[in-house]
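First structure 1, then structure 2: two forms of the same chain, each alone, as structure tokens.
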Structure 1
């Protein structure tokens, strides 16, 4: 793979990251702004970034803004965000064609950088505040998204379960906690949240794809350096969730025909590699213990899988099932964990899971976004391992490593979302 990764930690909470791969004909710049997870400030900042990507002072009308991006060979600007441990990662990204592939080799990377800078730091303001029109549009879309989450019962159950799995931790926050805040906020409050975000965020500026993005990335970083900033995030991403002294049992009701069972397990001792292999063998690929036994062999559920949160050191098993199978499914899930702890698996199962993980790591080379995200996650772990490096470490794991990981994980929380109103 012709991939070059460079990382530099600059002064005052600013990190530069570059991932170059000459097979890509486009490049992508992403500016991440990281702050502590707070249900009062973060939602307003999320709304502010949505408004930013609607227009800017140079292109005040949405139509002109989109046209300007189209002229950059169909460039695009997007906002996003995610909870990561006990912090929130805001992001604004710009995608653009590399200069060497434009007609006449026009240097559009510089224009792309200017467009992103204008969007981030020179927004459309009316009397010192965001446009009321775009504020109303973006607030309405955010509230629609929150309302729609209830219709996806699997996602809804996952959000509700976090209240109990991460009780007392910032990670327990869900969109339902700030729905009322967004309903009642003002354009003035959102504008102020935007200004506080710029001055208090921990920034990571990443460029990925073809080489044209290097100068554009430098231009973005120089602008951020010039800001008056006091980052409030301390740069510590990992925040393992403590194992409860007693298992927490909780439930809720919703209008649905099937139940949702969520079981969270937390380790006494966490190891990234053995924990990931354990979670994969348990329920993260088609030949896993949960899929082959709980779903296929015993038909106790419609789906049953396991995912691992590295930053929270937590394995969460989710299952959709008929309420009458609840107790049987719980017992069988624990039985499969016990099987892994006792070494009740074949060498073929072990090797298949290793190869699945190693191949999954290599698939990150398939897109600019994936390979950039890969190195972002390596950075937060204090690593710069390539997908090959990680795959090699997985392949070196032994049967005993899986057994030790399985024995380390203990049941922490059981959450059930039951059908209400007769399941209608």
Structure 2
């Protein structure tokens, strides 16, 4: 069976997306709830969703909740979220074995759908509020997560750098900003945030994988349709970050052996396709300028990557290296961007980057999560492009397109996390 993609706007602020492909032995339902990125409300909603995935009214104790999921062939329910431009996307997802692959072809998809519905809409409440026990546990977990962010130096540097790269924009919010809010919040406030989220969110319900998830998806959509909702989100997902008038230089210190260098570039004119190809040629794969020169030729680092954020139109370069090599690395990075702007690259380099992207797009078809995410990103761009469509647009780009994109990107922010103790 070939891939079937169906998108439908069902109601005010409710969109359904389905991608079926029966080569998959599992299916996944993800309910996304999109709200404006409000730094007072979003952290409380995140905590609320964590509490939801601990238990529900039918299974009030966590171990019974987990056992019920395990008996559904290791069915998993998880909460998550991400910043997307100036909005926040909360999600609760469930994955499940397709009915035809259970022992004795036991029908479990409807039970799994009920489990997801109960988790989202029928939580364990005590006097109208979430369970105090699970509130305390989840709050402790969230605070531990925030404290542990320092453990991964690369991730830690990326979080700190966002403050400077996206200064003054909702996107600059990091978990360190809401630590105090979480420490001081109450179970009542978190329950209220949950209710507000249900009524105000813009919903996208996606079902992906084997088609036995189809009925389960319908059940979820019907329930959301019946909710009393007043979506407040305006559907504006993209918020390109403005280029600063002067380059921002900032630094921090941590106990480490390596320094972390982060450089952000923003465009004067943004084009989705040429910017993507520019970032790929610059530093997104092993034939890129940064890999071949900063790593392979100068041996300065193990990684020097360029990643593009489409919603922010920003290219971020990151590298871990000895503090004494920072200036050398920065000079080489700038030199490679100039090389792309001046057309100092071969046709082979250009074609290789195009092929790399087109090939990577097609590989989305072989992962039910990736193909669902693919169409989610098309949706927020207002398109329904398939991987083939997008690959075709990349393949049509010219040398001049890459040069124009490279010329358009200007250095915006340089962030360095220096090793404070024991670094070299």
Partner chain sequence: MLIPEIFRSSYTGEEYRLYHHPSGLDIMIMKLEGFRTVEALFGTKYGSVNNCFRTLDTGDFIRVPDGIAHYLEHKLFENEECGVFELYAATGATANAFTSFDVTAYTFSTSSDYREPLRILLDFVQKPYFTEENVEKERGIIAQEIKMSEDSPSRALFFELLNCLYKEHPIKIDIAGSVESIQEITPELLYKCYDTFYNLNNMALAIAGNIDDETVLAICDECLKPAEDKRLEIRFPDEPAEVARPRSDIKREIGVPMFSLGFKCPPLSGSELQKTSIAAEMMLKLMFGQMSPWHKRVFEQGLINSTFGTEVFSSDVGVFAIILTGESKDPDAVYQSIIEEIEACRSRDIDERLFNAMKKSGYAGEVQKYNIVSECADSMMFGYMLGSNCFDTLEVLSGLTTDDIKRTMELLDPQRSSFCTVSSDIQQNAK
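None of these values were measured; they are calculated from a predicted model. Residue numbers count along the first chain shown, from 1. Here the rigid core means the biggest group of C-alpha atoms that line up within 1.5 Å when the two forms are laid on top of each other.
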Of these two forms of the chain, identify the one that is the form predicted alone. 1
Hey, does residue 201 budge by 2 Å or more at the Cα between structure 1 and structure 2 once the core is superposed? no
For residue 285, is the C-alpha shift between structure 1 and structure 2 2 Å or more after core superposition? no
Once the core is aligned, please say if the CA of residue 299 is shifted by at least 2 angstroms between structure 1 and structure 2. yes
Supposing the core is put in the same place in both forms, how far has the CA of residue 257 shifted between structure 1 and structure 2, in Å? 2.9
